[in-house]
Every structure is written in structure tokens, then in C-alpha cells.
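Starting off, we have a lone chain in the form predicted alone, written out as C-alpha cells.
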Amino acid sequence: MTYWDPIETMPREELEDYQLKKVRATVRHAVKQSPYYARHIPKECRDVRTMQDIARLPVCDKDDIRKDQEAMPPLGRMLCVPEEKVVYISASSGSTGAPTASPFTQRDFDEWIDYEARLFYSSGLRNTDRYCHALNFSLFVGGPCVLGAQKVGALSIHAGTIPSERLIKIIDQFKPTVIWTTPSYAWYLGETAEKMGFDPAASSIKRLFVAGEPGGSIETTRRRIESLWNASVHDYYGISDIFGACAGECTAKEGLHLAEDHMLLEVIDPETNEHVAEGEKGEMYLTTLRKEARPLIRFRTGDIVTYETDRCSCGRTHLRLTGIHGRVDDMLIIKGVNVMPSAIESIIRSNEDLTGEYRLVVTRENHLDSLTVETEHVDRFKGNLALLEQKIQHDIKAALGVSARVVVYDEDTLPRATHKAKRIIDKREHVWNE
């Protein structure tokens, strides 16, 4: 079996016809069943006849979901089914505000898990593999994704988020061939293993699925993790408001295939609110196509992406996210220059004299923003520290056009992440009131 589902290779014209029909059905379902959408979507915008008509629909974002659920707890007025039909909820981390719940009917849940199986299969997971799920199970939407591996038939280890030393012992004892975690934690886990005298490159791990941060799509980060583990890294993208991983890399690794039979993608310029062309950066908007419990229509994800629609060499026709560059709210503007943390990460992790850990500190002095890049040198580094800092400064200036102060510490000075890494410390106060 080459593909999990025939829909993965559906010709694009047919796929777009399918999406348009599903958008129409989603809008009808939403305005009929949800008091929120009945009020939110004007009557003149509800007749979606062409793909161009979708742009007339109003957008929503995480804050809209949060306010809706606060007004009518716990699931809000966006809910389109009786609560008796909701069999599962996940919740966001709350990193951008109060956590929000994402409800699923039984059909929603079953289709989600089938998609996870499809994604795993496209990345090379088979029933001969042993799969270790090292993601949080506590309300986290990534937790149940392990059921997709079980649907493929892989022996599945529900590890969860446990102390690194214990996870390494699990890897040593049960010898999984595949593990899923965040890029930062994959790096940290490998370093911890080495300190314990366990060589990650000689372990049973052959594939690492990573998600939750842009790192898996940053070539220098990917190469460093692959070298550390002597394993292939496959980047995944998930969003708690819809379902677990909804895009991921196949074995060809030419970008992350999006679940286009479950959601419609738009990529929008955050400044002009116009659609951008393939290959250009913009904010990802998603419209769910099959969700019963709580459809989302033109949902602003806050993620900056690029995409392509050409058929992948694997034969799949669903579009590919060719870059997940960070979040709109992570973008720094330093002296008029837009700076994405992922761009600095690429520079830091291409330098073999550095551990790869870094942190960005933003301050404001005399009404001007200033950026400090903190990183670490490897223990074996014996060169001139000042020259190393100057080189990094030069590389940042050459690549991004912005001047930054660089501080290089000893190895293990900066904190390590066991889930999503916090890379930005913003010390500015009252920036928008000055």
C-alpha cells in the first residue's frame, strides 16, 4: 500500500471542487446551529458560490474563541451540536491568554485519528515499528495522536512528558524506532543522553517526528538534530483549535502536506489583508471542512507560512507548507527591520562553535529598540570569544540587515526546554504608549 487514503492523490481541480462544496456545507451548518455564527456571518456573505466568495466571510481568531467561551462557559456559542454529542475536549496551553477548549464529536474524533494514521504512514511509520509518544497527555491535543500510530499497527509506547532520564531508559529498554516530541526537546534529550553515557546516534531511533515550534522546518536545526540522533527528522504542524497534527512531511520531505480534505488554507499578508502568492510569506488562515462540534471559518492561526501547490515527488497532491517561519506575535521590529526568531536560529545553529541554544532579549533605550542575542559556545571551543561574538554579529547583519549585540556564554548556561522553548524576553515597557 503506497497511500493510506486515495484522497491524498486526488487531482487538484477535483480537490478544490470538493473543498468548495464542503465550505458551503460548513457555513450552512454553522449559521443554522450556532448562535455565534448566526450573528457573526452577515446574510449577504453566506452564499458561497466560488472560492473568491470565501474572502467575503468574516475572520475569527483565538481571542474570539476565548471571549465566546468566557461569555458562555465552558464551550461557548460557537458550539454547533448539543453537548451530549461532545465526546472529547482538548485545551490550549494558555500561553497567549486563558486556555480555550476544543470540542469533538465522535465523528470528529474518529476522523482526526484516521488523519493522524495517514500522516504517520506518509512519514514512513509501519506496523513493524515501535513508536514512542513523548507528548503531554493532559488536555493537550497532541496526546491522542498516539492512537493514529496504533491504527497503523505500530507497537505504541505512551510515554508522555516524563523526566528525561526516565525517557532515555525507556528508549534503551524498549528500543522504539520512532519518537515524537518538540524540536527543542529532541535536542535537549540527545544532549542529556550523551551526559548519561548513552549515545543517541547509536540508539534504536530511526525517525523523529517534531512539532510545536518552527525548528523542524529550519534546515540548520534539522541537520543538527539528525546528526545528534543519526535519524531522519520529519516536521509536523498542529493546532489545538482544530486537531493535533494537521500537516506533516512525507518521506520525500519536500514540505508539510496539509490535510486539504479537512481544511481550506488561505495565506494572507498581515499588513494588507490580501492573499499572497505561492512562496511568499503570510499569515495562515484555516477553514475547517468536516468539523461537526465547532467549525472554524477563516480562523487566523497567527502562524507565518509559505506554501506550494505543485504535486510532490511522492505523488500526493495536497499542498505543502514549505516553511513555518514563526508567529505573527513573535515577529520583532528592530529599528524598522522585521526579524523572525527562526532566521536568527538558522544562523546560530549553522555555527559549529555554538551549542545551538539561544535567547533573544529586546530592550528599549532612548526610544530605540535594541536586540541582544545570547548563545553558548561548545566546551571544546578554544578560540577567541570576542572574535566569535563579532562573527555572529556580522552574520546576523549580513543576513537580516539588523545590528545586534551578541553575548556568548559557556555551555549549559542558558535554560533548556522540555517542551516549547521560550526564546524571546521582551523587557520593553509601555512601547505603544510612547
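The structure presented is a predicted model; accordingly, all values stated were derived computationally and were not measured. Don't overthink the numbering: it's just position in the shown sequence, from 1.
Form predicted together with a further copy of the same chain: not shown, discussed below.
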In the predicted bound form, segment of 25-33, 405-413, 390-398, 44-52 with a heavy atom within 4.5 Å of a further copy of the same chain = 390-398
Would you mind picking the one in Ile89, Met331, Ala201, Ala343 that has a heavy atom within 4.5 Å of a further copy of the same chain in the predicted bound form?
-> Ile89
Picking from Ser350, Thr309, Gln106, Thr322, the single residue whose non-hydrogen atoms come within 4.5 angstroms of a further copy of the same chain in the predicted bound form is Gln106
Using 4.5 Å between non-hydrogen atoms, is Glu84 touching a further copy of the same chain in the predicted bound form?
-> yes
Given that the partner is absent here, does Arg130 sit within 4.5 Å of a further copy of the same chain in the predicted bound form, heavy atoms only?
-> yes
Exercise: Ser138 in contact with a further copy of the same chain in the predicted bound form, heavy atom 4.5 Å = yes
Lys169: touches a further copy of the same chain in the predicted bound form, heavy atom cutoff 4.5 angstroms | yes
a further copy of the same chain in the predicted bound form - contacting residues of 149-174, heavy atom within 4.5 Å | Gln150, Gly153, Ala154, Leu155, Ser156, Ile157, His158, Ala159, Gly160, Thr161, Ile162, Pro163, Glu165, Arg166, Lys169, Ile170, Gln173, Phe174
Evidently the Cα separation of Tyr236 and Leu400 changes by 3 Å or more in the predicted bound form, so the atoms lie closer
